[in-house]
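Single chain ahead, by itself, as structure tokens, in the form predicted alone.
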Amino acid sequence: MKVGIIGCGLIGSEIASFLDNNKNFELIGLTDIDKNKSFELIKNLKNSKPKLMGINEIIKKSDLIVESAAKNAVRGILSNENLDKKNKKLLIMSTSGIISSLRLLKEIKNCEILLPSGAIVGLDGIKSVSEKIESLTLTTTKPVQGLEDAPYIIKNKINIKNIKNKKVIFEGTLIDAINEFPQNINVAATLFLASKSNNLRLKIIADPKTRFNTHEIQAEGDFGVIKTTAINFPSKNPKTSYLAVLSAIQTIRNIESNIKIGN
């Protein structure tokens, strides 16, 4: 299977490293808005010889396209004329970019869209009860450095380095949060897509005393109550949980497996 990666940051690099050691996949192309990242990644690969390509060429030539760039890249990928072909697959990491492109997503009939569970757990259960959810909350707690430079922090002039104890810095809806925390909101977007719930409420907490990213989900309805908690080590990028990296790699592993676990 020929693979192209759009976005050569931490997640794209980890996926490339996995593919580099897997004979069932051929990494043929890479692209990033920062060409130096692409060149550095190519140099570090041992077995693969991917070429530096444009997005259009990657989509055209790849059987599996991996998006690990940013939410702003998703619309262009979904609307690309070469995407909606039989036997193509698109793995999207920046699920927050889908929310403003749901119409484009629904128009895709042939390309298989893969959305890893990312930094949360329990999505199988959430999907199972998606039509019966009456209330749904996601509480995300992060180290303060994982929230630095978020538009919400800058706009409201929050001196996040001065926070001494755990503090709620945001409460609201998914739509409210997408533009305010663009690098922290993929978890919420994935939860929304799995639950199909317009009742999703978000809470973001800054905690200067933790080094973990914690995501707590609570769903209620006539099925009962589902509660999940994922306490994740940050990756080398404090805005990204290591579990999100592992989730992406497992989603790719599932492609080559004839045994599917979960719904």
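Being a predicted model, the structure only gives us computed values, none of them experimental. In this text, residue numbers run from 1 along the sequence as written.
Keep in mind that the form predicted in complex with a small molecule is not shown, yet the notes after this line are about it.
Trainee: If contact means any heavy atom within 4.5 Å, which of 194 to 202, 223 to 231, 34 to 42, 58 to 66 contacts the small molecule in the predicted complex?
Mentor: Selected stretch: 34 to 42.
Trainee: Check Thr140 for me: does it contact the small molecule in the predicted complex (non-hydrogen atoms, 4.5 angstroms)?
Mentor: Thr140: no contact with the small molecule in the predicted complex.
Trainee: Please tell me whether any heavy atom belonging to Ile255 falls inside 4.5 Å of a heavy atom of the small molecule, as the geometry stands in the predicted complex.
Mentor: Close contact is absent here: in the predicted complex, Ile255 is far from the small molecule, nothing within 4.5 Å, heavy atoms only.
Trainee: Heavy atom to heavy atom, is Ser130 within 4.5 Å of the small molecule in the predicted complex?
Mentor: Ser130 lies outside the contact set for the small molecule.
Trainee: With heavy atoms only and a cut-off of 4.5 Å, decide whether Asn72 touches the small molecule in the predicted complex.
Mentor: Yes - in the predicted complex, heavy atoms of Asn72 and the small molecule come within 4.5 Å of each other.
Trainee: Out of Thr214, Gln218, Thr210, Asn237, which one falls within 4.5 Å of the small molecule in the predicted complex, going by heavy atoms?
Mentor: Only one listed residue qualifies here, and that residue is Asn237.
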